[in-house]
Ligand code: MF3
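The data below hold one chain only, encoded as structure tokens and taken in the form predicted on its own.
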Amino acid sequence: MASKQIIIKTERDLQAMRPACAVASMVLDEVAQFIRPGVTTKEIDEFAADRIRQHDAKSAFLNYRKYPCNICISVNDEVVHGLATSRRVNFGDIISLDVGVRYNGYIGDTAKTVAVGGCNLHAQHLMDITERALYVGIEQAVVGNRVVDISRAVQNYVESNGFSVVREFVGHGVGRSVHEEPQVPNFVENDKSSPKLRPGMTIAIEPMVNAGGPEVQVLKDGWTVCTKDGQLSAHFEHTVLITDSEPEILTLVKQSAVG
């Protein structure tokens, strides 16, 4: 079977995609600042929906493959795709926020895990290692490397710090669609068939890191993915452009740049 085509973005594409990624970044920061003990995940999702509208964008996740929420909100042992409900978050919880927006016909996709008010040292260490693993992976997102070089860097860093990477869910290409080619695993799968990185590729690099084993399970709601052993999980993500030189992190936007 022939492999699916990787879409190379033109400068015109990028002129539209950069603002989409900036909106995703701003919404993620706004939602993270909104979270406090006692708020429900549904209230978090409604706040996110309001902020997305304020930026004249649309949720890229709502109704995507029938997903029922505006953003993904995953608490503690939930890895990804958590649903907004009446659940109240408590001081010490950690929450993974995954924001995808559609703006100018393009997708911006970004995620991070935050503590509710504060957390214990173990949870903070997990979040720190996961965030650092993201940047370790991004450092390998250069022309001359392959996708597997990103995967290897993330896996080696995570496992050398005593944590594990999720196998069932991976990063991906992103552009006009939420999921494009190539897939970007956080573990080494197949060195030989891994695509070469070329200028104009836009990929979502997103380590999903478990404090315990890598195994996960999907809850009865059909969406929420949890660690099988009940231990904590963290998730960080950026949309990244491959250039002729250093990788450009499209979803890294300073709040001071907002008009």
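Computed from a predicted model, the values in this text were never measured in an experiment. The numbering used is simple: start at 1 and walk along the sequence shown.
Keep in mind the form predicted in complex with the named molecule is missing from the figure; the text below concerns it.
Asker: Are all three residues D29, D45 and K112 in contact with the named molecule in the model of the complex, where contact means a non-hydrogen atom within 4.5 Å?
Answerer: No, none of the three is in contact.
Asker: Within 4.5 angstroms, counting heavy atoms, which one of the listed stretches 47-55, 34-42, 194-202, 65-73 is next to the named molecule in the model of the complex?
Answerer: This holds for exactly one stretch, 65-73.
Asker: Check each of H125, R87, R146, H172 and return the one that places a heavy atom within 4.5 angstroms of the named molecule in the model of the complex.
Answerer: Of the listed residues, the single hit is H172.
Asker: Classify D98 as contacting or not contacting the named molecule in the model of the complex by the rule of any non-hydrogen atom within 4.5 angstroms, answering yes or no.
Answerer: Because a heavy atom of D98 falls inside 4.5 Å of the named molecule in the model of the complex, the answer is yes.
Asker: Is H179 near the named molecule? Define near as a heavy atom within 4.5 Å, in the model of the complex.
Answerer: Output for H179 is yes: heavy atoms within 4.5 Å of the named molecule.
Asker: Report whether the minimum heavy atom distance between H81 and the named molecule in the model of the complex is within 4.5 Å.
Answerer: Yes, H81 lies within 4.5 Å of the named molecule in the model of the complex.
Asker: Using a 4.5 Å heavy atom cutoff, which residues in 193-224 contact the named molecule in the model of the complex? It's fine if the answer is none.
Answerer: If the 4.5 Å heavy-atom criterion is applied to the named molecule in the model of the complex, 193-224 yields E206, W223.
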